[in-house]
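Encoded as structure tokens, the following chain is the form predicted on its own, with no partner shown.
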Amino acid sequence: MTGTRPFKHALDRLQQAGLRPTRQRLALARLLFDKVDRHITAEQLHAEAVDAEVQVSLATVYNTLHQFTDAGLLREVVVEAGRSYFDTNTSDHHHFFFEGNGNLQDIPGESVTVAHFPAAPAGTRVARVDVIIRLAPEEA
């Protein structure tokens, strides 16, 4: 048998990030990374895990998403207090946020220019600038 194991891509991603590939991390990594880049909430990922018959609590999903973010596998996009999405696209880019349905859409990094912003406080540096453009339906 010469085929690739179905979890190899997820296993490689976890190992390259320095994370121990536990059963639950592998299962969640497969759900996250075996598809195209996307934005997902912890609740959405938990529902996908339940549908895939992965036994994992919502708390474990939250913890794993934050571990993946800390390891550089995901970016957390906070659209409002208590509402975060996790983005599998970690490249330099920004977002449109559709207020009506809560969807996020990527904007290429080079499409947004920030001309002026204040100097960083003493002892700090600007690590990244994240732009979220909030969209509402046009009024009729």
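The first residue of the sequence shown is number 1, and the count goes up from there. Bear in mind the structure is a predicted one, so any value in this text is a computation, not a measurement.
This protein has a second form, the form predicted in complex with another copy of the chain, left out of what is shown; the following refers to that one.
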Close approach of residue 110 to another copy of the chain in the predicted complex, 4.5 Å, heavy atom:
yes
If we define contact as a non-hydrogen atom of the residue within 4.5 angstroms of the partner, is residue 11 a contact of another copy of the chain in the predicted complex?
no
Is residue 84 close enough to touch another copy of the chain in the predicted complex, meaning at least one heavy atom pair within 4.5 Å?
yes
For residue 17, is any heavy atom within 4.5 Å of another copy of the chain in the predicted complex, or not?
no
Going through 73-105, which residues have a heavy atom within 4.5 Å of another copy of the chain in the predicted complex? Please give them in sequence order.
76, 78, 79, 80, 81, 82, 84, 96, 98, 99
